[in-house]
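First, one chain by itself in structure tokens, the form predicted on its own.
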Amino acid sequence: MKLRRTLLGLVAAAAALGSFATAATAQAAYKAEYRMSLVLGPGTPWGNGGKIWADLVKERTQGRINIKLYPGVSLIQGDQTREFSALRQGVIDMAVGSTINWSPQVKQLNLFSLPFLMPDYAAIDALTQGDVGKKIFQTLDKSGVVPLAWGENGYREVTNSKRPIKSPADLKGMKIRVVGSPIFSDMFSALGANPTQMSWADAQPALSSGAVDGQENPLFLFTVLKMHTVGQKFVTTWGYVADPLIFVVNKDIWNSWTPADQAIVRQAAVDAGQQELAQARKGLVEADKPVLKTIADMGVTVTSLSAAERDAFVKATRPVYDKWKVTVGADLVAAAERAVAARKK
């Protein structure tokens, strides 16, 4: 019996040492610091979302996973269209990324840029929080990243230095800065404008000098960047597209973490995404929309379209919608249309 107890004790000690060695090996495989890419830094909802995620992960893993923020997509010299490729290649470990910026590499993400697909916030939620969102996450997972949660950069509204925009005719000949996704060039061309793709760093002096007449971006950026100081004296809220954000991790990095830490990182992303989304919508979901009042107080003319005025833009961009439906995938678009139609307003 004594020998048996001794043998059992040795077995238990060996098992404990094996568990310790496994844990030590896993811990040794962790990087001292992980690189998170962001387009916008803290001080914006987008950047705050990344910071909240990083802080929650560090706290909940007791410092095992430390994350450094790289705003301005500085890991790839500011070229946000290269972010997704850099994520897959391991140049970037983690990101809170834009569906627009990643859409050239993942064609299904162009869904959110289909003109006037999402008429309100309930429609965005119906897509991201339902079966359509799950399908997109499955696509991203197959593309080499691990998607964890949704955030939001917001509806993109159009501003300019020339006149109030109430109809497609008001855009005719106007030079509008657009992001580097082809569907945006198609949309503004269909509306009679002259779209020009450029980085935001190039856009600001172009707007200030009058070389470019207008641009489209979420309204929180109008106030943060004080766009009225670069000639943007007219704002039209038309809600033509919205830009959901996605919290992701490089797949190799993800697989290097223990299942327990994976669960922590995932839940932290969900929690950070919910806080980021609330910040992105603040001032725009209230009945009096205080963000619009703030912009008007800057001496800017704010135009909100009537249903009939908006419908004119919907009709003018419908050929673009139909063209890009094929690229996105007819089945995915049909599922999205059903989800929007069935949403709870």
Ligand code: X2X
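What you see is a predicted model, and the numbers here were worked out from it, not measured in a lab. All residue numbers refer to positions in the sequence shown, first residue = 1.
Absent from the display: the form predicted in complex with the named molecule. The rest refers to it.
By the criterion of a heavy atom within 4.5 Å, Leu127 is excluded from the residues contacting the named molecule in the predicted complex. Using a 4.5 Å cutoff between non-hydrogen atoms, Asp243 counts as a contact of the named molecule in the predicted complex.
When contacts are judged by a 4.5 Å heavy atom cut-off, Ala269 does not count as touching the named molecule in the predicted complex. Contact check for Leu114: no non-hydrogen atom falls within 4.5 Å of the named molecule in the predicted complex.
Here the chain stands alone, but in the predicted complex its contact with the named molecule, taken as any heavy atom within 4.5 Å, falls in 33-41 among 306-314, 33-41, 50-58, 279-287. Proximity to the named molecule in the predicted complex, taken as a non-hydrogen atom within 4.5 angstroms, holds for one residue of Met187, Val158, Val145, Val179, which is Val179. The listed set Ser103, Asn217, Asn250, Gln232 contains one residue whose heavy atoms approach the named molecule in the predicted complex to within 4.5 Å, identified as Asn217. Along 70-99, these residues reach a heavy atom to within 4.5 Å of the named molecule in the predicted complex: Gln80, Ser98.
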